[in-house]
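This document opens with one chain alone, in structure tokens, the form predicted on its own.
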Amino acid sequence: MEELSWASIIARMFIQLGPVWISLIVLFTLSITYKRRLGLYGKLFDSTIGMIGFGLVMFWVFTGVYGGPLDMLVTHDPLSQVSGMKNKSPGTPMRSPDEGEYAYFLLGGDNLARDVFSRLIKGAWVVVQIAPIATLFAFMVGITLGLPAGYYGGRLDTILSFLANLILAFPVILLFYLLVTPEIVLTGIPNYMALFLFVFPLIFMCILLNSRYYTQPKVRTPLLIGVLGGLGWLYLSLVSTDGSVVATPTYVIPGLPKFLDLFDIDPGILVVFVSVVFVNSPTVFRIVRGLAMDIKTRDYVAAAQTRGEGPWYIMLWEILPNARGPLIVDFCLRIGYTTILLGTLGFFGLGLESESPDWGSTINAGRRLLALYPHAAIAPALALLTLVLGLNLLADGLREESLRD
């Protein structure tokens, strides 16, 4: 078989990514059709910049989902080494493919004879797993602590602001490196941090539901039991791995029994996840605190206080909704920062396993032979660039529409 031309490579990749294109078409069609009923999300489709950014972001989200757990897009095992495919250029055919095996390495082979295209797709799933969810957790921590700090002020604000500033005093990259180094991981510190940080979504949901249905105890009580029971199970499943919460060379702290554990998170992913939440939470705290200090002086907050509403009701149902614009924009930008941080960590071989197909590790592996075989590093670098660009454009579009709202 002959080597594929670039036109054939692009055409084959387009076909291979068919489920992604179909999903994008369906998503955009439905969103544009019903945009007037979808609030701020619907107004996003009135912004050209926002639509382009949203399209780029959702392309990689769908690619990660279809290529990760659904395994519909990859052409080869991203960890398998194929004889004779080391540093091969894009479109190189395999020497003797098995029956039913894809006959080409569409984006070539890397320095260990692994398929660059398949590793690119699997790397998208690593980003989709960590960046948005970790950023969401960081926002829950920042909102849960930032709202009372800004609303009440006083000693509570002083203490929480001091702790946030203490963390922010360290350079972010240095703090990130410190948290994911093997020596720190062996002490079990990231697992203790997971125990503390992952409980904030439970606290947030408990306060949210209690403040909303405080005057309806017949609704509030069963709702709290059901929601917190489910979230508590998820929390214990998150912090438990192989039946233990913390496992060091000297001691083991037992966790959820294996037969009750819904899933086990890879230790490397857990460490990176916790580090992202810890590093981003203080910044989110300061943003939320500043917004709360500003909005609490508004007339509608005074009206709620006059009605006799509780402090948490005012914070969550009066202040927080009116701070949504800046928070949504910051959320998108922060996912982009997190994506860059993940790529940086992978580039320096920290956090995730060395064989991980994440984009940072792939760029690092390909840079050593960049002058001779640029494809192995350029493909994940372009993926990282387009995702972060999409997030920035999406944030710009949301900022424009939130200002008009």
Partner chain sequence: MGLFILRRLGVMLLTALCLTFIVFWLTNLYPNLEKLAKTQGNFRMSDEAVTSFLDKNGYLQPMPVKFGQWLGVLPGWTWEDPETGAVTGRCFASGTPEEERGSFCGVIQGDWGFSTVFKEDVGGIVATRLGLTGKLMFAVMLVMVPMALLIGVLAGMREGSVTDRTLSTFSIASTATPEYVSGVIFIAVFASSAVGLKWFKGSATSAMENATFENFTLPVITIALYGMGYIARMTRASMTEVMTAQYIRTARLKGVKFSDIVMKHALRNALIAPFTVIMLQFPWLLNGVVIVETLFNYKGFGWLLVQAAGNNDIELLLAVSVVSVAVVLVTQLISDIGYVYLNPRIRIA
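Numbering follows the first chain given and starts at 1. Small disclaimer: the values here were computed from a predicted structure and weren't measured.
From this point on, the text means the form predicted together with its partner chain, which you will not see here.
Contact with its partner chain in the predicted bound form, judged by any heavy atom within 4.5 Å, is made by just one of 103, 203, 186, 253: 186. In the predicted bound form, its partner chain lies farther than 4.5 Å from every heavy atom of residue 13. When contacts are judged by a 4.5 Å heavy atom cut-off, residue 23 does not count as touching its partner chain in the predicted bound form. In the predicted bound form, residue 31 stays away from its partner chain, with no heavy atom inside 4.5 Å. With a 4.5 Å cutoff on heavy atoms, residue 343 counts as touching its partner chain in the predicted bound form. Taken together, 170, 177 and 393 are fully in contact with its partner chain in the predicted bound form: each brings a heavy atom within 4.5 Å. The partner is not drawn, yet in the predicted bound form one stretch among 53 to 61, 368 to 376, 34 to 42, 66 to 74 has residues with heavy atoms inside 4.5 Å of its partner chain: 368 to 376. Contacts between stretch 321 to 349 and its partner chain, counted in the predicted bound form as any heavy atom lying within 4.5 Å, involve 337, 339, 340, 343, 344, 347, 348, listed in sequence order.
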